[in-house]
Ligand SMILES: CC(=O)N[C@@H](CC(=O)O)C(=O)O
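A lone chain, given as structure tokens: the form predicted on its own.
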């Protein structure tokens, strides 16, 4: 694959754009439905781009999922499970998606899948990377960051062995998550919709340039590596007894230092961060993560190095 710090990849000919992995995250649902009707905007020379609604039942009900979270359902045991209609709806759906766009981990799998998400947190535009060794995705993210400057687009790296999960996009050789917020569930905000649309345009431009033979020189990409999941303080019965502190609310990606306010109890007491060093919290007070016992995740900032890439 690599020589002289240069990586060769096959042309990315088959690309999918997933919307509605969570049925109440409206930017992706709306964009994908738009492109299913008319895909001219997302077509590029020599690339077949397929827009696809991943969880149609959840989209119909405008809910995150029907039986279980589709974006956690792509485990090897789910994908190989038998039982057909007795399986939860999202497990059946994961198997269908794996059949169309996979099989996951095989040479037949789609080259790139973009999975479009919204967050209620104040995260702005975030690209989610599943592997620090994926030089193709690192180069793509570097290209997008430069193209939208001075606008900001941060990179969240989740390869934590315990906190990484089996996403819908993980079916592809190069999975790319796109998370844009803040936007309430079930709501469509024009600024968030447009921000997502622009990032996707640049991502597809990158793929076209790569396929046409453009070589991308080595580069560095600043990333925020998922470190730890922080839950709300709870009583002995598991009930939440504090909320995100006003000093932390809406401060995604801003440094949180030991001793900084983190939670505020209902009677007004401050609970402070007790970690060993500075972290960068994100997904702060995300609505969908109350059920996952998560108030926010901490990340650490690092610089990733991407090899030069060209097509094989």
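Being a predicted model, the structure only gives us computed values, none of them experimental. Residue numbers count along the first chain shown, from 1.
The form predicted in complex with the named molecule is left out here; the points below concern that form.
A.B. asks: Could you work out which of 223, 200, 128, 192 is the residue within 4.5 angstroms of the named molecule in the predicted complex, going by heavy atoms?
C.D. replies: By the 4.5 Å heavy-atom cutoff, the listed residue in contact is 128.
A.B. asks: Could you tell me if residue 9 has a non-hydrogen atom within 4.5 Å of the named molecule in the predicted complex?
C.D. replies: The answer is no: residue 9 has no heavy atom within 4.5 Å of the named molecule.
A.B. asks: Looking at the partner-bound form in the predicted complex, is residue 179 within 4.5 Å of the named molecule by any heavy atom?
C.D. replies: Contact with the named molecule, yes.
A.B. asks: Just to confirm, residue 165 within 4.5 Å of the named molecule in the predicted complex by heavy atoms?
C.D. replies: Taking the distances in the predicted complex, the answer for residue 165 is yes, it comes within 4.5 Å of the named molecule.
A.B. asks: Using 4.5 Å between non-hydrogen atoms, is residue 286 touching the named molecule in the predicted complex?
C.D. replies: Although the named molecule is absent here, residue 286 would touch it in the predicted complex, with heavy atoms inside 4.5 Å.
A.B. asks: Is every one of 64, 117 and 169 in contact with the named molecule in the predicted complex, taking contact as a heavy atom within 4.5 Å?
C.D. replies: Yes: 64, 117 and 169 each sit within 4.5 Å of the named molecule in the predicted complex.
A.B. asks: Would you point out which of 38-46, 256-264, 241-249, 65-73 contains residues with a non-hydrogen atom within 4.5 Å of the named molecule in the predicted complex?
C.D. replies: Every other range fails; the passing one is 65-73.
A.B. asks: Judged by heavy atom distances of 4.5 Å or less, which residues of 10-27 approach the named molecule in the predicted complex?
C.D. replies: Heavy-atom contacts within 4.5 Å come from 22, 25.
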